[in-house]
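Heads up, the chain below is alone and in the form predicted alone; it's given as structure tokens.
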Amino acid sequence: MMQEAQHGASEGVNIGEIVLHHTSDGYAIDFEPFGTIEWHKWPDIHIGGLTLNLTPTKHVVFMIFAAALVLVAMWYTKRSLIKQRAHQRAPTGFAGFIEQLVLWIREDLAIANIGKNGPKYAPFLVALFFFILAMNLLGLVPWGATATGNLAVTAALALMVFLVVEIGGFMAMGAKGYLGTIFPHVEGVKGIGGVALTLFMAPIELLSKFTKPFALAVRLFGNMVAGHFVILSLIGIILLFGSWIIGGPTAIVLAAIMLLETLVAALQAYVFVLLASTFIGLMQEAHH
């Protein structure tokens, strides 16, 4: 950052370039001012007429790092809880905090929104919450990157929710009941009118199945990217003016926004899981 500031004082700063550089994906991780780790793109894989490239990008690296952090946190929590309960003590510290979060997701999100089948979906929702939270927070640490600021990542998360909702609904309702969610029967309308209305509603119901995961993906992506745009733009103002007369107040505002972004990171993980549990619950409710 100091090098960028000196360069900016003499030749000007391209704020847009800074913002795009730090939010875009790529095959390198910057550790300024210490250097950059870069890797080459792997050869493409050709399967029939399909071309694939499995080279991990920066966002993939931080996504794997987030998964590893969640795994270590859960392993440590389990180990600590076993020790505490062996001595007949109530959960305390980090393990107690994580246990309360898990119970909160299970009781207030899974069971509250899904009903009696909530405990079956609780492990999925818990994993989803902590995974998204870890990815969001990694974007706020030095040299970090927010994997959820990549639409492909949020789309993959939304696709998982979509499959859980639809497959879970199919297993609960059976083939006939599941088709009823696409071709709904309108109460009080019979005969040709009822058939016509059912056929008319079918495309709308089918479209609604895809708009829900689309909304999940775009909501998470948009909120995380917007927050980073604001933070990086304020950093760009400091570099642009190169003066603490302007930079001092801006730095104070920046610190406040960073604290707000920490809250937003947790809030967006909560909202994503809340909506996911609601969509699962609506499908399970259709079964009854």
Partner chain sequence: MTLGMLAILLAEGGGSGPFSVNPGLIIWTWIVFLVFLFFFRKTFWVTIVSRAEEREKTIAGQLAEAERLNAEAKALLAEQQKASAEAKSAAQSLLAEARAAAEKERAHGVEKGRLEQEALLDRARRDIAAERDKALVELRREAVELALGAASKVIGQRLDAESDRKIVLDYLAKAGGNH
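The shown structure was predicted, so the numbers you read here are calculated from the model rather than taken from an experiment. Residue numbers count along the first chain shown, from 1.
This protein has a second form, the form predicted in complex with its partner chain, left out of what is shown; the following refers to that one.
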Choose one stretch from 126-134, 193-201, 207-215, 178-186: the one whose residues place a heavy atom within 4.5 angstroms of its partner chain in the predicted bound form. 126-134
Using heavy atoms and a 4.5 Å limit, would one call Thr36 a contact residue for its partner chain in the predicted bound form? no
Find out whether any non-hydrogen atom of Ile29 is located within 4.5 angstroms of its partner chain in the predicted bound form, and reply yes or no. no
Test of understanding: in the predicted bound form, would Asn223 fall inside 4.5 Å of its partner chain by heavy atoms? no
Is it the case that Glu166, even though its partner is missing from this view, gets within 4.5 Å of its partner chain in the predicted bound form, heavy atoms only? no
When you measure heavy atoms, are Pro56, Ala152 and Ala156 every one within 4.5 angstroms of its partner chain in the predicted bound form? yes
Residues in 65-83 that come within 4.5 Å of its partner chain in the predicted bound form by at least one heavy atom, in order, are Ala67, Val70, Leu71, Met74, Trp75, Thr77, Lys78, Leu81, Ile82
